[in-house]
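A single chain, nothing else alongside it, follows as structure tokens in the form predicted on its own.
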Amino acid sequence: MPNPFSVPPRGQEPEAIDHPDTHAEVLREAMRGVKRLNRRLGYHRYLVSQLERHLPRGFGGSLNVLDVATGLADIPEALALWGRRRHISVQAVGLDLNPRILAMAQEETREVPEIELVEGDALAMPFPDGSFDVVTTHLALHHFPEDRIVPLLRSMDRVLRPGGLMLVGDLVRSRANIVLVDAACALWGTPAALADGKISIRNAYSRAEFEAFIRDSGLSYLDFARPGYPTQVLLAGRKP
């Protein structure tokens, strides 16, 4: 029997959301499935808790947030609603390269005016250096080939101001996590999200690969967040 914590080879199969000719309803179903899983499995609460850990006690200022490869912008939405509850002004930008997904995100966030959606390439972002207090990405890295991860992290670092917070979350590949992600998608996802979820976890990077990305990017301020989150890693840190 294989070790459940061993790491199988990384997959290369594209997901439905990566195909430009995926039918609109299948694309919408897959993206909404991801949003539902993030909410049902508590990832939004987890991300907010990690953000709060890095804020000064009693923080009451404002935050300018960028979410890279934003999908349906559920992360900016969660942060904006958290800001409302905490009386913190959160202005969030959701960046995505896919105009079809951005149009869906516009519908999903029409009642959250704190969010601005921008079409753009994560490796050539249309923002000046040091534009944001917080830069995040979630469930996006496994869509990028390995040789683009370090440039992506450096691109995120470029638009993050000194003293700003970076939060980089994604699935982490292991045999145990493959079983857990498959089960979660089957229980709380949609059929399209289940199909993509099975591919996602197999295409994800291992913890050792994340360690190498941190080292090769030179972003020594990033580290694995504590406590962790089942099936995922979150790299977090303040830019010097």
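What you see is a predicted model, and the numbers here were worked out from it, not measured in a lab. A residue's number is simply how far along the shown sequence it sits, counting from 1.
There is also a form predicted together with a small molecule; it is not shown, and the following applies to it.
K.L.:
Under a 4.5 angstroms heavy atom criterion, identify the one residue in 120, 163, 130, 151 near the small molecule in the model of the complex.
P.N.:
Going through each option in turn, the one that passes is 120.
K.L.:
Can you pick out, from 31, 185, 66, 172, the residue that has a heavy atom within 4.5 Å of the small molecule in the model of the complex?
P.N.:
Exactly one residue meets the criterion: 31.
K.L.:
So, residue 17 and the small molecule: in the model of the complex, are they within 4.5 Å at any heavy atom pair?
P.N.:
Flag for residue 17 set to yes.
K.L.:
Does residue 74 reach the small molecule in the model of the complex if we count a contact as any heavy atom within 4.5 Å?
P.N.:
Yes - in the model of the complex, heavy atoms of residue 74 and the small molecule come within 4.5 Å of each other.
K.L.:
Please check if residue 81 has a heavy atom lying within 4.5 Å of any heavy atom of the small molecule in the model of the complex.
P.N.:
No, no contact at 4.5 Å.
K.L.:
Using a 4.5 angstroms cut-off on non-hydrogen atoms, would residue 97 count as touching the small molecule in the model of the complex?
P.N.:
Within the cut-off, so yes.
K.L.:
Would you point out which of 155-163, 84-92, 106-114, 142-150 contains residues with a non-hydrogen atom within 4.5 Å of the small molecule in the model of the complex?
P.N.:
Result of the contact check: 142-150.
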